[in-house]
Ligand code: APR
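First comes one chain, alone, set out as structure tokens in the form predicted on its own.
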């Protein structure tokens, strides 16, 4: 049961905010059928991320990564946005959401329409759907490269091809983290959804936003290690919570 008083409190914060930044973690996509890799039964139980998702191991033997990634492709490639993604895009159309910062590679925010009305999207861990050669840096679309029928794809220059996702031990995309942190300094409201806030440096975002005066709304199925920072913590299904929030907000905002 979602706490109605907290729902109305969160809706009021959103109504009174003009520069909302959304920070999303793996939990936002579980309702789209993409399991949190860290959860019980998740990908990391079957594939040790320190080996299969390690950039150093990729350089030595890319077949390990691609064995794991072929399973990820089946999950991510067919996933569709859920109510959380759709509501965030709707709040952007209302002029509320100005930026989306995500730890996810699934591109579901973009599929839902985020970024089409001026909001910037910061993909902290890269993005699904693009490949590149780590030697010559040439980019490819997935349909340009056979990734299914080979042990691992190789570029014409002999370099290994990998998705444009960030592996453990690999640097974040240039400028993305800095841009995301800067958005947090501009925010008057930060909505954190589906993140346990365990991973650095992404978990710096709430502290930065709070330091610069933003209201913090946390939406998650489980408690986080930073709950004490939240002005409102809404516990439960993100899709259900966002659906209720949008109903309340539309009663009070003329779009």
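The shown structure was predicted, so the numbers you read here are calculated from the model rather than taken from an experiment. Residue numbers count along the first chain shown, from 1.
The next section is about a form of this same protein that is not shown, the form predicted in complex with adenosine-5-diphosphoribose.
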Exercise. Should residue 199 be counted as a contact of adenosine-5-diphosphoribose in the predicted bound form, where contact means heavy atoms within 4.5 Å?
Worked result: yes
For this session: Examine residue 244 and determine whether its closest non-hydrogen atom to adenosine-5-diphosphoribose in the predicted bound form is within 4.5 angstroms.
Result: no
Exercise. If you check in the predicted bound form, is residue 125 within 4.5 Å of adenosine-5-diphosphoribose, heavy atoms only?
Worked result: yes
Problem set entry | Contact flag, residue 103 vs adenosine-5-diphosphoribose in the predicted bound form, heavy atom cut 4.5 Å | yes
For this session: Would you point out which of 217-225, 204-212, 57-65, 183-191 contains residues with a non-hydrogen atom within 4.5 Å of adenosine-5-diphosphoribose in the predicted bound form?
Result: 217-225
For this session: Let me know which residues along 12-34 have a heavy atom within 4.5 Å of adenosine-5-diphosphoribose in the predicted bound form, or say none if there are none.
Result: 25, 26, 27, 30, 31
